[in-house]
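Here's a solo chain for you in structure tokens, the form predicted on its own.
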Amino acid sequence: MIDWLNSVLAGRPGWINALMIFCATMAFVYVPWDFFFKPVAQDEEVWLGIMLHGVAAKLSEPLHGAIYAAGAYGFYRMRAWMWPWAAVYAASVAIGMFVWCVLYAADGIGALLLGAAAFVPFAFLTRALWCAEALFGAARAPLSHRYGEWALVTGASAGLGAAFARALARDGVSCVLVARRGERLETLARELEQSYRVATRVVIEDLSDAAAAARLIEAVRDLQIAILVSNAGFGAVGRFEALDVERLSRMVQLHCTVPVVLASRLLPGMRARGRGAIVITGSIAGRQALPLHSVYGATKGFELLLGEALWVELQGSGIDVLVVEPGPVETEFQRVSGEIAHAGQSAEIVVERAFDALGRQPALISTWFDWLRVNLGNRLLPRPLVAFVARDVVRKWTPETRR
């Protein structure tokens, strides 16, 4: 418990952590209790020192909850938009405390003195937040400075893999590009070298081959790999018995065995250098049973649990771990999996959010909508029901002959 709390509170001044905890308590404990359980006749809310009662108070509570929820998230991630709005809100509370004391708490000079006494602490807080601009949205060091010179990116010939490689090169990281399609890798390598002045190395391997991971490690033995992006993968949509078992076996090899082998072989060097990063491309498919994508979902669940366990094991080592869990993405995945085409998120946006989250959390679901549906479904509904709902979603993407 203590280690978990330390990981949550790391990277912020103590007073910011106190504000974050206060905002979270207000948003997720006090305001819901106030809104759902306090009788309307007893309800009271204060805005800029003006007391609201009954229905007016009840109607204003969702806004209070939204403000505190935004504050909790903004302090947790130290978002740039928190400045100056956190200071502005604190100033409104300071003014509100003074007005409330004058109007309701006392009379005459006593009201002014009480109002001043209530105003001062919030005025100091307002000033502290105003002066904390540099803390919010502060630029993080480039990936090359944080972790080292070389990254290894699997599945780099297209989609998320190519987007990861471009983002790494843009931050000054040289890239080992790994995939089956050598021509695409060579084209990407030339692009990275010309656009970002980094070094590249192309390794042509089909990592679904049982011996390929060992060959890849041998091919980069002379490099200090600082960042592993284990991204290679594919899907196969349809009824389990209608799918080719050899293809499913290669999927298990690629999604489960390869990340284990690569991470285990590269981690000792990262530990010796005292820094490094492992990024695993998972999927929200790994959050629940996924009928019609059963093996794919199971392998993504493996990747999630592996990544979260490594994140805990490597605390304090200087090595960051992240499992990226996108929903549908605009890549070749749908065509290769045999899915009916459907809308997806931009690969570049997924990668941008992944590198923003790296070093801050063990896993990232890349959109708020996906985060809500995964967490609300898994926490509020029976697992069998969630599996049936997931089946109905995937069925829309599955050709009739495979349903």
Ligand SMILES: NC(=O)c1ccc[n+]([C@@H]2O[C@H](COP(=O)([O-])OP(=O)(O)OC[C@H]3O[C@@H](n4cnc5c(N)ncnc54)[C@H](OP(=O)(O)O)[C@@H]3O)[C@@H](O)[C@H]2O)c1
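Note that this is a predicted model, so its numbers are computed, not measured. Residues carry their position along the shown sequence, with the first being 1.
The following text describes the form predicted together with this ligand, which does not appear among the structures shown.
Partner contact for Leu207 in the predicted complex: this ligand, 4.5 angstroms, heavy atom: Leu207 belongs to the contact set for this ligand.
Answer for Val336 alone: is it within 4.5 Å of this ligand in the predicted complex, judged on heavy atom distances? Contact with this ligand, yes.
Check Ala158 for me: does it contact this ligand in the predicted complex (non-hydrogen atoms, 4.5 angstroms)? Yes, Ala158 lies within 4.5 Å of this ligand in the predicted complex.
State yes or no: in the predicted complex, is some non-hydrogen atom of Met82 no more than 4.5 angstroms from a non-hydrogen atom of this ligand? Output for Met82 is no: heavy atoms all beyond 4.5 Å of this ligand.
Find the only residue in Phe119, Tyr196, Tyr89, Phe234 having a heavy atom within 4.5 Å of this ligand in the predicted complex. Answer to the contact question: Phe234.
So which of Gly318, Pro328, Gly96, Gly137 gets a non-hydrogen atom within 4.5 Å of this ligand in the predicted complex? Exactly one listed residue reaches within 4.5 Å, namely Pro328.
Is this ligand close enough to Val252, Ser294 and Phe302 in the predicted complex that each of the three has a heavy atom within 4.5 Å of it? Result no, not one residue of the spot touches this ligand.
At 4.5 Å between heavy atoms, only one of the stretches 328-336, 103-111, 270-278, 143-151 reaches this ligand in the predicted complex; which one is it? The contacting stretch is 328-336.
What residues, if any, in 267-283 have a non-hydrogen atom within 4.5 angstroms of this ligand in the predicted complex? In sequence order, Thr281, Gly282, Ser283 come within 4.5 Å of the partner.
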